[in-house]
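The chain below stands alone and is given as structure tokens, in the form predicted on its own.
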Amino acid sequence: MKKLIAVLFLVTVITGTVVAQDFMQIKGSDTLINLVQRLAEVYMEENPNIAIAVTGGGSGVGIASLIADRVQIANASREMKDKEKDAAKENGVIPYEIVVGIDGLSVVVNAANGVESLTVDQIGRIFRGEISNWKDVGGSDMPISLYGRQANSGTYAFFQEFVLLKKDYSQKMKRMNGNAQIIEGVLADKAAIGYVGIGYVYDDNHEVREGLTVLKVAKEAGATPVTPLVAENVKSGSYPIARALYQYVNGKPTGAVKDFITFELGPKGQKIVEEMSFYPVSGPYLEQNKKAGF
């Protein structure tokens, strides 16, 4: 019902039937969409004169929309690239970067698989297609089935850079539109492996979804595998595939945009981050946000 009200309100704003005091458009990361939609819903309940529309499309789409100055906030599960920052400046857009949460990017397999941990190197070799059978990493004798994201996804780009070491994904990888599709694919495929934001591995009771195994990951051979399901592992950096979740705005935030981001980073907003199964901003990211005025 809340989403329906927001959509109806958005239509009236666009058609001119009602003029909102403030209207904010947020676009981008699929990993962030559910979280930011929830943050927007709670914020609008407390600020009924503010209308916020939150849509997805991928981090690349959100950043491109910011560069074109068509949105107030771009959600991104990766950092802006230098060429994107240059394109923004050429268009008169000055990107400001804010971290709104932390993600323990999770590598998931079907629970029937039996494999419970891998090294970062093994995961990279699997997604590059260099390891193609589960028996080569301690599993059963069956071909590995790969599930990943499309190229406009920030998760796709982050995983390629930090796990595949900037090398190409296997041509056999199934490229899915979002985290939820990857989860459904892995649950239906005994030989599957995929990667998703940690907020997507849980069911409505905050239990890991039945039929899913979230792999423990070791930084290197001989190191202790670590789970992303424990907050301290992600905050401390001992889990090796942790990442920041970003929002980008044009210039130092002011007005309603600043107020909304202040809400996201405040106690109530960060509690929602945790309720949505991500982790609150911590460590050096707190100092980084101060430089952006928060």
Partner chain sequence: MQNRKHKNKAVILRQLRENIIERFFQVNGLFAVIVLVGIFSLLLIEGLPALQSLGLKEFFLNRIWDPTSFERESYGLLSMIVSTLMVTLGAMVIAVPLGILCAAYIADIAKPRVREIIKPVIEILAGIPSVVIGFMGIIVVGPMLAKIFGTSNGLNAMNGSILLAVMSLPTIISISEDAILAVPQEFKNASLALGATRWQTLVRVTIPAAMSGIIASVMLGMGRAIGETMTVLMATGNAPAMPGGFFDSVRTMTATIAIELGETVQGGIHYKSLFVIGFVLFLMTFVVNLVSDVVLQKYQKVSR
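Numbering follows the first chain given and starts at 1. Nothing here was measured: the structure is a model prediction, and the numbers come from that model.
Omitted from view is the form predicted in complex with its partner chain, to which the following refers.
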Open item on the list: Using a 4.5 angstroms cut-off on non-hydrogen atoms, would Lys167 count as touching its partner chain in the predicted bound form?
Closed with: yes
Open item on the list: Ser132 versus its partner chain, in the predicted bound form: is there a non-hydrogen atom within 4.5 Å?
Closed with: no
- [ ] Give a yes or no for Lys89: in the predicted bound form, does one of its heavy atoms lie within 4.5 Å of a heavy atom belonging to its partner chain?
- [x] no
TODO: Would you check, heavy atoms only and a 4.5 Å threshold, whether Ala191 touches its partner chain in the predicted bound form?
DONE: yes
Open item on the list: For its partner chain, considered in the predicted bound form: do all three of Gln37, Gly197 and Arg209 come within 4.5 Å of it, counting heavy atoms only?
Closed with: no
Task: in the predicted bound form, segment of 111-119, 176-184, 91-99, 210-218 with a heavy atom within 4.5 Å of its partner chain - done: 176-184
Task: Among the candidates Gly60, Pro240, Pro253, Gly269, the residue which, in the predicted bound form, approaches its partner chain to within 4.5 Å (heavy atoms) - done: Gly60
Open item on the list: For a quick check, can you give me the residues of 241-268 that have a heavy atom within 4.5 Å of its partner chain in the predicted bound form?
Closed with: none
